[in-house]
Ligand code: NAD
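Presented as structure tokens, the chain that follows is alone, the form predicted alone.
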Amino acid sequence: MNIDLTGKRAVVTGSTSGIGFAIAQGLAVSGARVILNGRKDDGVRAAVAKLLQSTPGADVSGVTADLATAEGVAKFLAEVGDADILVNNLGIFEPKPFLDIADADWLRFFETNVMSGVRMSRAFLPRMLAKNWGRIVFISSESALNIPPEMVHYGMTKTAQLAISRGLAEMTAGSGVTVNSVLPGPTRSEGVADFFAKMAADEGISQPEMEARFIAEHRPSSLLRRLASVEEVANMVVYVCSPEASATNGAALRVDGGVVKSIA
């Protein structure tokens, strides 16, 4: 299969590192014009330079905006205009006991993980429908189905993304627009790697040992038996964004290493 996204303009939110950057890179390699996004100018500039270095000749730009706020989304949209592909990747996570999660934490997670995608999709979906072609992808998580007791607020936002994605897909019936969710499992992004490095230091063991212990104790149903790479997740997203995925719509596609024990 030769995925060719030449002529398509793609927006990837929260894409200066981790899964978001890998998705942006995969889209750029496939020929798309890619717009990176982050909250800090330095991070956006560095990500654009890194992507251009790894993919010479790519059409890449960056827009600095905090998409966890309505003001940030408005600023982003004023600079970007139109797009054919929207990947709602922006997200935060934080282990915290349920009884310690304050109202402000619930709202912060909802604004960042859910409302950013709501606002961006509300802006781009009508334009895609008018052109009769477009792709919207929500980067959810296996935690949407297996709510982690140590991160109930995070799991809640990831489940909400599935509901929104399916609901938006219903609006595209009979068109060339698709809306899907991709559900990564434990993935070695920069943020997750830093998280495990800190835990390993606290326990006095190596990071690989800490990662293996986490999988064994907290994701024992994993068939992969390791963390996925960001590239493995990005591969699924790039496919879903392609013309070849035209019959995939309203789906929740797992890249979870078999963590979720379901045949559906």
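In case it trips you up, residue 1 is the first one in the sequence shown, and so on. What you see is a predicted model; the values in this text were computed from it and never measured.
Only in words, not in the display: the form predicted in complex with the named molecule, which the text now covers.
Q: Give a yes or no on whether each residue among 134, 238 and 242 has a heavy atom within 4.5 Å of the named molecule in the predicted bound form.
A: Checked in the predicted bound form: no contact with the named molecule for any of the three.
Q: I need to confirm a contact call. Of 234, 32, 67, 35, which residue comes within 4.5 Å of the named molecule in the predicted bound form, counting heavy atoms only?
A: By the 4.5 Å criterion, the partner-contacting residue is 67.
Q: Which single stretch, out of 123-131, 98-106, 179-187, 77-85, brings residue heavy atoms within 4.5 Å of the named molecule in the predicted bound form?
A: Heavy atoms within 4.5 Å of the named molecule in the predicted bound form occur in 179-187.
Q: How about residue 50 - does it come within 4.5 Å of the named molecule in the predicted bound form, if we only consider non-hydrogen atoms?
A: Answer no; every heavy atom of residue 50 is more than 4.5 Å from the named molecule in the predicted bound form.
Q: Using the partner position in the predicted bound form, report whether residue 25 sits within 4.5 Å of the named molecule, counting heavy atoms only.
A: Residue 25: no contact with the named molecule in the predicted bound form.
Q: When the contact criterion is heavy atoms within 4.5 Å, does residue 92 count as touching the named molecule in the predicted bound form?
A: Output for residue 92 is yes: heavy atoms within 4.5 Å of the named molecule.
Q: For residue 11, is any heavy atom within 4.5 Å of the named molecule in the predicted bound form, or not?
A: No, residue 11 is distant from the partner.
Q: Even though the chain is shown alone, can you say which residues of 124-159 have a heavy atom within 4.5 Å of the named molecule in the predicted bound form?
A: The stretch touches the partner through 139, 140, 141, 154, 158.
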